[in-house]
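Okay, here we've got a single chain as structure tokens, the form predicted on its own, with questions on binding and movement later.
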Amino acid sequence: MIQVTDITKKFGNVVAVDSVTLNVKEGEVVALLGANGAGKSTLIKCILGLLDYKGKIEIQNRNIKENLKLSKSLIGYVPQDPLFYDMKTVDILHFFGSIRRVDEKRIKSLLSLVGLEDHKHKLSSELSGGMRQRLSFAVGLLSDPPVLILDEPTSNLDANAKGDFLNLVKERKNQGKTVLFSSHRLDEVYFLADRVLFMKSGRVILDEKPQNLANSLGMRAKINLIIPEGSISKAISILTKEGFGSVSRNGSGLYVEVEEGKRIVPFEKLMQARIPITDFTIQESSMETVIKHIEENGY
């Protein structure tokens, strides 16, 4: 569906995208990850036809430089910070709908789909951040495009608004839409993506399935186990003998670092030794942890 071949984009002497080649299959959801300045947004703008570049980009086997108008009609785009004239929600959809040549029925169905039917007469300035992003999503869906491109669409949303938005994207995924999105959130990747592309210094340095990402990057989770005082020393001894190199005392319990795919093992070993666990918390790996690991250790 999306074929990017040897794309390079420079701003003066700065190479923002460096010889990137990638493929997104029909119906696939691919996440672009990386630190700020890695080249994610620049690559997206090249695919959208907003920037000139060296190389070739095709949407449904059509070179976008040779078929720019048609290629744009195949893509629904949701930016990080949607900007609208201060018009009523329904009027904004009518405005973009006239460009996309869609009818009133389509606009009504999209208002219902994104949960803005009760807010259609509000000005865009009266909408919350989550509502504006849902409005942006509705604009992107007006012509029912086969491809959706989302540039960090939840970065400015609170937890509830983020969840609502991600569920909207998930529904489109289940309908067979092809989705390329950039993100700084691992939870979004695990929820949506079929593949993960990690960018660094304008290059794609990792192409992996989300379920294999942790092992590929050596990611580790930190588990805080609450254990009765009289059992802590024995628990530390058992876990150390089992090969857990980072086990430390933590007040009424202990910390143990484990590989992401082996979270259950400390629990199993302590239960086998009849050591009670009264409570626990798990500190997830963050995007910052992943980026730091790659910056320090490479891939």
Partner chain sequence: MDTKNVFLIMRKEAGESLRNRWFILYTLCFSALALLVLLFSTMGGEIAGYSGFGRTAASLINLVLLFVPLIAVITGGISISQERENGTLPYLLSHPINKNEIFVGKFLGILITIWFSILLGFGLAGLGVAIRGGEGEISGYLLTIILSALLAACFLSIGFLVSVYSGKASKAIGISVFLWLFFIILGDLGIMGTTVAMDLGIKQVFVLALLNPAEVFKIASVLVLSPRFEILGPVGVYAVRTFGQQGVFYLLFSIMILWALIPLGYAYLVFTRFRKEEK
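Positions refer to the first chain, counted from 1. Treat the numbers as computed from the prediction; the structure is a model and nothing was measured.
If you look for the form predicted together with the partner chain, you will not find it shown, but the lines that follow are about it.
Not one of 191, 255 and 274 is positioned with any heavy atom within 4.5 Å of the partner chain in the predicted complex. Residue in contact with the partner chain in the predicted complex (any heavy atom within 4.5 Å), chosen from 125, 73, 167, 155: 73. Just one of 269, 45, 62, 56 comes within 4.5 Å of the partner chain in the predicted complex, counting any heavy atom, and that one is 45. Contact with the partner chain in the predicted complex, judged as any non-hydrogen atom within 4.5 angstroms, is confined among 136-144, 155-163, 179-187, 108-116 to 136-144. Put simply, residue 211 is far from the partner chain in the predicted complex: not one heavy atom of it is within 4.5 Å.
Contact annotation for residue 198: none of its heavy atoms lies within 4.5 Å of the partner chain in the predicted complex. When the partner chain is considered in the predicted complex, residue 98 lines it closely, a heavy atom lying within 4.5 Å. Contact check for residue 50: a non-hydrogen atom falls within 4.5 Å of the partner chain in the predicted complex. Shown without its partner, the chain has 9, 11 in segment 1-22 as residues with a non-hydrogen atom within 4.5 angstroms of the partner chain in the predicted complex.
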